[in-house]
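Look below for two forms of one protein chain, each set out as structure tokens: first structure 1, then structure 2.
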Structure 1
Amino acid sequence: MPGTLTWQWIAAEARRRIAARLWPPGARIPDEADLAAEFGCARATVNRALRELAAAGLLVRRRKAGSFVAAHPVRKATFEIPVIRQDVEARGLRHGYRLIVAETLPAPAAVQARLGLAPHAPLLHLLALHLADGLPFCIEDRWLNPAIPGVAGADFATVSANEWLVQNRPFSGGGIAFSAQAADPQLAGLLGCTPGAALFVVERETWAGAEPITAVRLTYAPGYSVAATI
């Protein structure tokens, strides 16, 4: 058990207990105070983890009664992390890749919050452009945990961090958000579009147990579409 527990670690451990039927469907799980004592952490940390599991449909929380493992977990849409190269090639186009920035520096406060990092924690910042038949397809703006095994020896100038991570670092959980953004001058310059053009944006963070892996912002050129299965 790590020395300083995060809510992500507790959520991952709770998922493990549910999957292993240590907490079977319909069962009442231990109180927050008991879990906090077991894990040696603040009750608020446990509360955050249980709220995430409830939002995912794995727990049912009842006022004054406690938290229960869902007897019939809600069916939710699921997403696999796509390899951008394969996405381009599946469209019948030739993939290209260009690494623009590779530097290690303290992550912005928003990224620290997304990954639960201490202030000024250094991360590897990678900014890359993916091409389709020579035209801009996607900007990959990524913050990567440099402590992940293999990162130090990876050549991100030739293989994107997106593809390297899918191949080399399994994840146990994370978050994803979709949004639209009007292209500012910098994005317009990179994507070869006019300022103000509508862009599709994906923001994602992934974890391996309690270890943060990466936070990435993918910004796609105008006209991009995505499909998912449920």
Structure 2
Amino acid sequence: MPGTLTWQWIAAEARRRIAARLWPPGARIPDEADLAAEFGCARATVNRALRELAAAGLLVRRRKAGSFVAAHPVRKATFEIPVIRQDVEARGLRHGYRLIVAETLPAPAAVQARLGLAPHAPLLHLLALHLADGLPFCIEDRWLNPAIPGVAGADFATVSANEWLVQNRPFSGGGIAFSAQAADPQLAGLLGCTPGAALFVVERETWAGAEPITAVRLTYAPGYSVAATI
């Protein structure tokens, strides 16, 4: 009960009680008002602390019902999604970029579905290679909505679409998925690895409101991994 910042101390104390089974899984914990009285602070302070625990997945809060210890403590991990150039430079390497294909054509059905577009709608297709110290780092295979302002005038041979979008077309939402894929001959050739090598794949779709912006598939050279703290 020392002079630590109050809401963080309350949050830590609540974690302790959950860990110690004073508040067992599924149990209802005291009211915000009761806890405020116990800790000798304002209810808003307790609210702030419990909100954090709920965001961390340790509590489930329901109006009128109360706050409950999560029966199945689903942990959450937050990953940062950096721009590829920064990702390379953060490793102390020099970033390089090479545009391979730029064409406008109807997207494959799978891409159309991901973006919720009408069939046969022509999209700008970009295939590019990112390099780290001259070695293949990542393949950027992107489909871009040509209706986006500024796309027509952008020079994707100089600036990667990845970076152009970050700086020019902030998105409001989207989805991201991680998976593993074996290198087919084309990927192996571009990445300079053996065919069949296990590659880490990131697929991402982004929207600005209801309008689709882009769908991209990033295929990383062998050895890539994504890390976070939980």
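Note that this is a predicted model, so its numbers are computed, not measured. FYI, numbering is relative to structure 1, first residue = 1. The term rigid core refers to the most C-alpha atoms you can superpose between the two forms while keeping them within 1.5 Å.
Asker: Determine, for this pair of isolated chain forms, which one is the form predicted together with the DNA.
Answerer: Only structure 2 fits here, because that chain is the form predicted together with the DNA.
Asker: 2 Å or more on the CA of residue 175 between the two structures, with the rigid core superposed, yes or no?
Answerer: No.
Asker: If the two forms are fitted on the core, does residue 13 show a Cα displacement reaching 2 angstroms between the two structures?
Answerer: Yes, residue 13 moves 2 Å or more.
Asker: 2 Å or more on the CA of residue 23 between the two structures, with the rigid core superposed, yes or no?
Answerer: Shift at residue 23: 2 Å or more after core fit.
Asker: Give the C-alpha shift of residue 66 between the two structures, in Å, after superposing the two forms on their rigid core.
Answerer: After core superposition, the C-alpha of residue 66 moves 19.7 Å between the two structures.
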